[in-house]
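Only one chain is given next, in structure tokens, and it is the form predicted alone.
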């Protein structure tokens, strides 16, 4: 065990013992989520916003808009940008300073699921072709990190987008109007803990776990994005099992977002 942190080593052993009994430390089943809540319209100064709580993990997402010159190769399309901010406020394991590799990865994974779903038609963001387009800015930040920030951020982002209003009046280019969002992409994340994959890993399971996978699905079970993290691999049968669990949970979460 030389060179291995003592606490994670003991934690991994404990989690493996639980897995051998088909148990988890907090009593959940393998594919069971912690308690979840979603609220929209929670940030007054944002054009759209949402708060998501999964267990003791709490995040906020705010939507802002700016007007920019379109890219030359896409003169009639607007843009999308996603950022994730992790501060020590959210957990003792988070260090102050510039964006960490973890926050950059989260932003990219959340952005990819939304972007690849096509839920925002970038042509709808065109104001004057070749001159002015809307840029959609998705700002995510954590209040409390008790694991599975990926899913919390992704859920808050799509809920906030559904809640967003293009501020035409503020920019003196017409009336305000709802941001056109035509799909509800949902991310589900799984982590290998004690030699088996589980859904919605908490902070303890993340610390003592191995590889993870993030799957973003549409309402028709279309895979919009798939991202693997950390070292390790999964078998074809493991992936099939994960995908079945993802389809069921994504459908449940889609209903929650669509009902807001």
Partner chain sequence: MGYGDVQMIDEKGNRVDGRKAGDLRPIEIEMGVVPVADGSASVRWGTNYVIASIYGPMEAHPRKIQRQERAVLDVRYNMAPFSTTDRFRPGFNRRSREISKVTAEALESVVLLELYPRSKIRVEIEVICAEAGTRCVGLTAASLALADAGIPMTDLVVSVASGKINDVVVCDLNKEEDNYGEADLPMGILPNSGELVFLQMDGDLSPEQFQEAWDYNMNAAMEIHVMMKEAIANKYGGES
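Note that this is a predicted model, so its numbers are computed, not measured. Numbering follows the first chain given and starts at 1.
One more form of this protein should be noted, the form predicted in complex with the partner chain, which is absent from this view; the next part is about it.
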| item | value |
| --- | --- |
| Any non-hydrogen atom of residue 44 within 4.5 angstroms of the partner chain in the predicted complex | yes |
| Contact of residue 162 with the partner chain in the predicted complex (heavy atom, 4.5 Å) | no |
| Residue 148: touches the partner chain in the predicted complex, heavy atom cutoff 4.5 angstroms | no |
| Proximity of residue 107 to the partner chain in the predicted complex, heavy atoms at 4.5 Å | yes |
| 130, 88, 168, 178 - the one with a heavy atom within 4.5 Å of the partner chain in the predicted complex | 88 |
| Contacts with the partner chain in the predicted complex, stretch 199 to 220 (heavy atom within 4.5 Å) | 212, 220 |
